[in-house]
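Read the single chain below, which is given as structure tokens and is the form predicted alone.
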Amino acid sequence: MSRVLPCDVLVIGGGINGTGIARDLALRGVSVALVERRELGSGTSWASSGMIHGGLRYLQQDPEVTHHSCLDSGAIQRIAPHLVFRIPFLMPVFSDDRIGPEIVEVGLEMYDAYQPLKNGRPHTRLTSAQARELEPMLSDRIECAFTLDEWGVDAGRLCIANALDAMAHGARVFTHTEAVEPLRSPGGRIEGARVRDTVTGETWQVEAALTMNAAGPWVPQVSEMMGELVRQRPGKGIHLVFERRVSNLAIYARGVDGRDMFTFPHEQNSMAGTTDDDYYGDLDRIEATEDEVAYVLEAMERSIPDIRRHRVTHTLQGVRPTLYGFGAYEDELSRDYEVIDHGAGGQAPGLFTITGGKLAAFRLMAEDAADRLCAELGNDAPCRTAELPLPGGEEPVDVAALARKAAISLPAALRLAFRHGARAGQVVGASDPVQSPARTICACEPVLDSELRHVARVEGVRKLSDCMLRVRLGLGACQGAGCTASAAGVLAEELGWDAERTIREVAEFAAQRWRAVAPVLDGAQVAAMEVHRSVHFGMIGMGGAVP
């Protein structure tokens, strides 16, 4: 007989909505089990722009979305100060733009009213000369420019932090575990699900009083499995990731079709995007195309004429779980969200669904969903997620002291402090800096061997590919060519992998990096990446095959 795990609520989906809901419920004393079929945050959350911004472009059509996002941005800054960073924006205006500077400024003045909610600064208007002095790469064709600011966040670590706090308060979190079949009472009530561990193949049952479908773009599939219909308007978006920062400012650009995009600093790199196109393909293999890459670069080139001189290392692509709307262009669709009780309006009592929404308002969305679930359970405990810090957000980190104590470089200490906050010392604390000093595994980020051991021992990493999201392994300039094998060796020691499993993990990791790189290859990059791929696959005797 397969094992059974009883709980109050089963959460299906480990993106920002699922982990946020699990944390909120656990803090209220609700027993929670969360299952995620891949790695935490590996879907829409990871592929997002990584911003907790107010959404200037939603102000006219969805002012409530802007208000919620700005309000939650302020809360996220309080509870996860180590994971957020201010991004100054520069919005150039051209003489042939459809909307002139006076109208642009009216919109920014309206947006200024929301800035105090997210600790933002009011906009300023710059002359062309002032803007180009601030950022010399700007086109000399601009008429003027405006400043505003937003906040960036490591979306992957934000998901992990929510999951870690949920676990600290009693939740059970299972990665690489998919819900395969609903459990139903004789009367048809959903009472959890049968789940399967995709690594071991083990199948078991989670028996729950309530089930929350928080599967993001996979919501329709999970709902269908449960016998319900939830429609979405899935929208594909891609980002280009540059080898290093193009600028320390985010710079607005406009596509040939009028879509607003921007390039923006994000951690060690810059990103550019995003697109928005209806998508009905395979959600488990979303590919960026050369055409999409060219479209984004052309848009950026209008604001930054020399953008093509900067090397694009790879793409990020994902699908937004946008609320369904017929007859509207993708950009016009609402970014609001909905919590659905399938017992009230459907045929599946015990099942709830959350769909739509934005990363920037995840905590408020989770609070709303948890309120609904707790009302059903008879739990009247208040929400505490807006005030209690997430793991790592308890206090500031003395980065210089951390570097000295652990005998690591200042860049390594900075990255540790950003990813783990106040707990960075624990990450390297197990190592003796004299007898066994921390070893750099990935020089691009950088990532230390002690950090890999920590995410395996403490955070429950199960696969080498998980480390892309956990610690950004292999996402720098070398795209994993210099660190994959060494990282696999560290995890093999920690997790007891044999040689066959280790080789399989390396092959899977290398194949994922190749698929992310392929759409942006051009000129000498093609030869360079072929050498990298030969190193990966030749080293393990796979002849360059991509699994």
Partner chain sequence: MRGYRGFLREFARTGSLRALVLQVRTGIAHVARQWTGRNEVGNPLARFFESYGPDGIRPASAAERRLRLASEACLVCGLCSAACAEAGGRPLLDPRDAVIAAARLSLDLRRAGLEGLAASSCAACAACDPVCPQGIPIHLVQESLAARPGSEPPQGAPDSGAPAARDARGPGIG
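Rigid core: the largest C-alpha set superposing within 1.5 Å between the two forms. Residue numbers count along the first chain shown, from 1. All of these numbers come straight from a predicted model, not from anything done at the bench.
What comes next is about the form predicted together with its partner chain, which does not appear here.
In the predicted complex, no heavy atom of Met226 sits within 4.5 Å of its partner chain.
Among heavy atoms of Arg172, none comes within 4.5 Å of its partner chain in the predicted complex.
When its partner chain is considered in the predicted complex, Phe262 lies well away from it, no heavy atom lying within 4.5 Å. Proximity of Gly281 to its partner chain in the predicted complex falls outside the 4.5 Å heavy atom cutoff. Against its partner chain in the predicted complex, the set Pro88, Gln130 and Glu133 is in full contact: each member has a heavy atom within 4.5 Å. This chain lacks the partner; the member of Ala400, Ala168, Ala344, Val199 within 4.5 angstroms of its partner chain in the predicted complex by a non-hydrogen atom is Ala400.
Only one of Ser185, Gln426, Gln221, Ser95 lies close to its partner chain in the predicted complex, with a heavy atom inside 4.5 Å, and it is Ser95. Heavy atoms within 4.5 Å of its partner chain in the predicted complex are found in one stretch of 204-212, 387-395, 463-471, 443-451, which is 443-451. Contacts between 483-521 and its partner chain, taken as any heavy atom within 4.5 Å in the predicted complex, involve no residue at all.
Relative to the superposed rigid core, the position of the CA of Asp522 differs between the shown form and the other one by 2 Å or more.
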